[in-house]
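What follows is one chain in structure tokens, specifically the form predicted alone.
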Amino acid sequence: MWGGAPYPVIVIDRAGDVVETNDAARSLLLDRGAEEPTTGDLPRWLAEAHDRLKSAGTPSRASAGAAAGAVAGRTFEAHPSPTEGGDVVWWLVENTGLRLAEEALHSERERAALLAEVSGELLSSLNVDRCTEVTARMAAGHLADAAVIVAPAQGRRHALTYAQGEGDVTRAVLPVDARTVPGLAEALQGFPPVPTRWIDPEGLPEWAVPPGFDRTIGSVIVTPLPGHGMPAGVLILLRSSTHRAFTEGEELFARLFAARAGAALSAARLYAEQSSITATLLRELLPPRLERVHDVDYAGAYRASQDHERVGGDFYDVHPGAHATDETFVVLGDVAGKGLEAAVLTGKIRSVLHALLPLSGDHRQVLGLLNGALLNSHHTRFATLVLTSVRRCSEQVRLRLTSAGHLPPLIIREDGRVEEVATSGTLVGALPRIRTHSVDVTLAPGETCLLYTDGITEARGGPLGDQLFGEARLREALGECARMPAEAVVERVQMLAAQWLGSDRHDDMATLAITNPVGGHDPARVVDGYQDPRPRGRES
């Protein structure tokens, strides 16, 4: 009767006995040789479903009382259908393919979620150690029982990062012979991973096993961490013998995981290298820290045009004389432009002036040579400067100032008068010949010479936001700075300019004060790494 049914059919009576089956059901339930299935041949889940159906009564709907389970490695949904005689016809609808597809989809969703989590964790930091730790911890937690990350060699040693389960991540730097692990030497060069079946877990060297991992290793994966142009390291995954070996699908997923981890590690290493280079270059561009030299106080302050920048087109330097009787060479300048490009040119100008220190007594010659160097460079920018030679003579400090197209220095006398130094000249880097006019000035105790850039006087702000700070306000402010220390003078000027600006945009602002201190002679000090070679106490 049920021979033409498209599914296996089992008819069970009220007593729970199998009374009829079709060929598909017999083929499913019976071994070869048996003729008709009995109640004992029914899968347990189907027998239990029939018992529940008897207790609950005859189902009113075809879907009521349905059950599901496995038979001979295949899965079925069993749908009951009552007959007029009180028997129940169970239709077994196979859903093995659907179940496998759902399991595969669920697995892919879990892997996609894990890869998204890995990317989120790794891309949240550009710290190499942090990325390495996250990679090892997530690999051990999601892909294997333990993980080892082998970083590229530093000499003959490799940095190793170990993780197992939910435990702590440990690090070590050890000499590693890559030939002792099959595929490791190739992976460190970026070659495709060797199949896990080619790796004998018993042959692993001691360094390739995380400290404290005492389980028997059943299978191993060695896969490169691909970076930008070169491998970022190698990931070794270990699985104990109590777990199943890595499948081909798991090896493929491990490579996907390694691809994301390698990209993050490579980016972190590239960022670290760039940061180190930037920090090294920036140290040469930052303004120096100034203190007292040969009993003359120096103080400087600098503010870049952008708050997030530390360098710009303004600069200053103080080069102490070798002895107290020698002149200290001071320069403050302003390169046309802002930002890093202008800062690079200031670095070149500072280097040229440093090389010309033996000629620093002749300002005109120094400016002429600097002008020639700028005209012969590929830069199209020009610069303005003020050169100052400083020497203490008894209680007075004598200055010789030469302007190269720069704003005139201002002298703060002890009584509060503010005088302009009448030095003048042409800027450097624009014309084949320059003109200079030097002026000698004497500072009595308590008096200060202020060098500044146009970022101070041209600071635009005020009540309506459209007025320049101007030289008149600067003079008025300096008149209140008589007998102040050099550091206090530059801080006050910078503070007043900043208050005038408010939150408005501004140019680079640099100030440098040279002060004859009221206190008199003190032992010589150090100016930002320019060590005064005099033995302490020789000056008098």
Partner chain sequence: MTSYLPAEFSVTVQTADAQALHLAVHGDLDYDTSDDFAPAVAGALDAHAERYGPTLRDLHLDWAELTAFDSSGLSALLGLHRRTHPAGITLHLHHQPVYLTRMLKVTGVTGHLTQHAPAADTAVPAEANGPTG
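Because the structure is predicted, anything quoted here is derived from the model rather than measured. Numbering follows the first chain given and starts at 1.
The protein also exists as the form predicted in complex with the partner chain; that form is not presented, and the subsequent description refers to it.
Visitor: Please run the contact check for residue 384 against the partner chain in the predicted bound form: heavy atoms, 4.5 angstroms, yes or no?
Guide: Looking in the predicted bound form, residue contacts with the partner chain include residue 384, since a heavy atom lies within 4.5 Å.
Visitor: Is residue 41 close to the partner chain in the predicted bound form, meaning a heavy atom pair under 4.5 Å apart or at it?
Guide: Result no; residue 41 lies far from the partner chain in the predicted bound form.
Visitor: Is there any non-hydrogen atom of residue 391 lying within 4.5 Å of the partner chain in the predicted bound form?
Guide: No, residue 391 sits far enough from the partner chain in the predicted bound form that none of its heavy atoms falls within 4.5 Å.
Visitor: Indicate whether residue 96 is a 4.5 Å heavy atom neighbour of the partner chain in the predicted bound form.
Guide: No, residue 96 is distant from the partner.
Visitor: Sort through 175-183, 419-427, 441-449, 361-369 and report the only stretch with a non-hydrogen atom within 4.5 Å of the partner chain in the predicted bound form.
Guide: Selected range: 419-427.
Visitor: Looking at 336, 270, 252, 153, which has any heavy atom no more than 4.5 Å from the partner chain in the predicted bound form?
Guide: Contact with the partner chain in the predicted bound form is made by 336 alone.
Visitor: Please identify the residue among 287, 408, 201, 227 with any heavy atom within 4.5 Å of the partner chain in the predicted bound form.
Guide: Here the answer is residue option 408.
Visitor: Can you name the residues of 90-128 that have a heavy atom within 4.5 Å of the partner chain in the predicted bound form?
Guide: The stretch does not touch the partner at all.
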